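To begin, one chain is listed below as structure tokens, in the form predicted alone.
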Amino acid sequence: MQRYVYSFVIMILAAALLAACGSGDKGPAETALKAAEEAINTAKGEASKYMPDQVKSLESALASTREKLGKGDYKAVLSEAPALTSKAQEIASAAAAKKAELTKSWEGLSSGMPRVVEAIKSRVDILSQSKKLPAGMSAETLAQAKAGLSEITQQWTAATEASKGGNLMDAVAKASSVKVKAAEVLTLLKMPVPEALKS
């Protein structure tokens, strides 16, 4: 009987010791989680625009770690929180690089595309006013070119508005569509297609 009591006391002491050790990790775990939350909140402002899937995954991981803190699993929090902080910094850097890449692409497109659109418009206007179309140019082809010009104009306006609104991904995507359509219309009009539109 005495042996059973002794074993029971040992078990109680061991449990108390484990609880003490666990509670000792609570403060550092809370600090680590707070650092991770701050890093993620700082990163996701820009990253949400350029890397939404990665941000969503990071927020899910943060929620899981926060849940572990609530359950008292401080060792898991101490293990996971620094990794979340590091991942948030990686995503922030990748988002900044993506933004720089898109900015460069937009600057290139926005500097050259208006001249291409104007050249197409000028050619369409001249052909529309001609009493006789040049050889190889039919009324149907001209109508296709006009429709293409209308589409290009609308898409370019939308791309410009997206850029003004800070949505570079959408702006570049729309501008890239304009580039493809412009090359098609230039070919219809038998005008030279600039190398920039071929790439």
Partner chain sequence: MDEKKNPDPWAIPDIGPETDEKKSESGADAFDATQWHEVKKGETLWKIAEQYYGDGSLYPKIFDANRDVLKDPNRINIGQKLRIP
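Positions refer to the first chain, counted from 1. Bear in mind that the values here come from a model prediction, so they are computed numbers and not experimental data.
Heads up, the form predicted together with its partner chain isn't pictured, but that's what we're talking about next.
Is its partner chain in the predicted complex near all of 97, 123 and 126, within 4.5 Å of a heavy atom of each? Heavy-atom distance to its partner chain in the predicted complex: all three under 4.5 Å.
Taking its partner chain in the predicted complex as the reference, which of 130, 150, 42, 31 has a non-hydrogen atom within 4.5 Å? It is 130.
Give a yes or no for residue 76: in the predicted complex, does one of its heavy atoms lie within 4.5 Å of a heavy atom belonging to its partner chain? Flag for residue 76 set to no.
Determine whether any heavy atom of residue 138 comes within 4.5 Å of a heavy atom of its partner chain in the predicted complex, and answer yes or no. No, residue 138 is distant from the partner.
Taking 4.5 angstroms as the cut-off for heavy atoms, does residue 51 touch its partner chain in the predicted complex? Flag for residue 51 set to yes.
Please check if residue 36 has a heavy atom lying within 4.5 Å of any heavy atom of its partner chain in the predicted complex. Heavy-atom contact with its partner chain at 4.5 Å: absent for residue 36.
Would you mind checking 86-117 for residues with a heavy atom within 4.5 Å of its partner chain in the predicted complex? Residues within 4.5 Å: 87, 90, 91, 94, 97, 98, 101, 104, 105, 108, 109, 112, 113, 115, 116.
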